[in-house]
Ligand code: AVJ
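So this first bit is one chain, no partners, the form predicted on its own, shown in structure tokens.
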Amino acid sequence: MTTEPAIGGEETLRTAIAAELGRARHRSIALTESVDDSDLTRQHSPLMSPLVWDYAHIGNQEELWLVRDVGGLVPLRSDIDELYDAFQHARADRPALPLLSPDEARAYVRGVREKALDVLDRTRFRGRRLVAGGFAFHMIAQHEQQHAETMLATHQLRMGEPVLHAPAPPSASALPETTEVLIPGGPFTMGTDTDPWALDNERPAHTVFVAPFLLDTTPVTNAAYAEFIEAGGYRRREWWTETGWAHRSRAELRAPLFWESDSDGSWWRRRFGVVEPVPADEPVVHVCAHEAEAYARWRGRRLPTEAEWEKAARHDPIDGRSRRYPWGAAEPTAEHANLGQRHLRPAPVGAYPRGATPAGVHQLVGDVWEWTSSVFRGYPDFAAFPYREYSEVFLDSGYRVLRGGSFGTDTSMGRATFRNWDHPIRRQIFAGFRCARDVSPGEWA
């Protein structure tokens, strides 16, 4: 449920929504205007859409929900709905469609936003669930930011000179004193009923019992992962699941995506057009779930379940309540987490001591999405809203849950209830992991 604002608070909410929509659009424009039109229409990988498709799709979703549904206005371009329906055409097939040209896409997206802001000005945030608390506007702002991260991943797959630039992340300032911490067993509240930004798969709130377990205080670093490679991690079958080994063999995996080894055994990576040595102290990124599981087995560990991850990120050991963020209720800032494309890379482990949990777990939010061992499923009493295609059609279909967000994830999705999912073989996403393990009897006093 959402809380309807008092009449006097509607203008404050309206102003905040307009700011969020504007911030999302500023990022989309930066990601599309940084390349020429030929780059916008080119498919840089069959895994991804042309950038111009993503941009027009953003506008089409905004038109469908804000202009037509919430606003009740006539369509600007109902003739293109099928072209930009993500379920009608596979990504690999989209370059062959009669897509809007870059100039047409820009004009369309601009026209939709003008009408959407007119709708925002006259919308009362009460009554219908879609508009109560500004839900539809929140949903569209998050949708655009999700596609911005997708477009950022397309930029990473793009060949050519660097076109994106950002300052380096902060250096490590407070490395954890221990490599793992105990997360006590017991019940906690998973999901939410009240967060106005929460999407359908984050709802409803429900009680989950989690047995005590040990969790790494930081994500697995590049240096640690390189040790796995040097120990024969990609050659030794015993560390891999049957499915994982079959994929490793078929895809000829040898190292994280974008890594290459030098003649002397040192590792290099390509990052947004820059070729550089692999930084030892950054979380490893661009690994699939099968690689994460193989590493964890090699270390005598496992991946955490989704419930374990959320308990570690949200459970307040003092009052037993579930927090919105690992550090508490404060909105994420540049001192809490590496979010929002402030930097174009993960930060070294230990770079955000203010973002740690009370138990001392660092960087659960930002830097890299973290693979879990859980299949993407709906919570008890899950109900699709406002459309099945956001979550429901993906449930129980073999997708693996990722948590926490990456350096490319917007702060609006930095809450610890947010759920992401993808095929366990995917590596183009900004995904890493951390390890967990069961507590042995008598091990932890």
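Since this is a predicted model, take the numbers as computed values, not measurements. Numbering starts at 1 and runs along the sequence shown.
If you look for the form predicted in complex with ligand AVJ, you will not find it shown, but the lines that follow are about it.
- In this form the binding site remains open, since ligand AVJ, overlaid from its pose in the model of the complex, puts no atom within 2.4 angstroms of a backbone or C-beta atom.
- Contact annotation: residue 343 falls outside 4.5 Å of ligand AVJ in the model of the complex, judged by heavy atom distances.
- Of the heavy atoms in residue 420, some are within 4.5 Å of ligand AVJ in the model of the complex.
- Proximity of residue 403 to ligand AVJ in the model of the complex falls outside the 4.5 Å heavy atom cutoff.
- Ligand AVJ in the model of the complex is approached by residue 147, whose closest heavy atom lies within 4.5 angstroms of it.
- Contact with ligand AVJ in the model of the complex holds for all three of 57, 91 and 143, each having a heavy atom within 4.5 Å.
- Shown alone, this chain has one stretch from 213-221, 128-136, 147-155, 188-196 that lies within 4.5 Å of ligand AVJ in the model of the complex by heavy atoms: 147-155.
- For the partner-free chain shown, 387, 390 of 370-395 come within 4.5 angstroms of ligand AVJ in the model of the complex, judged by any non-hydrogen atom.
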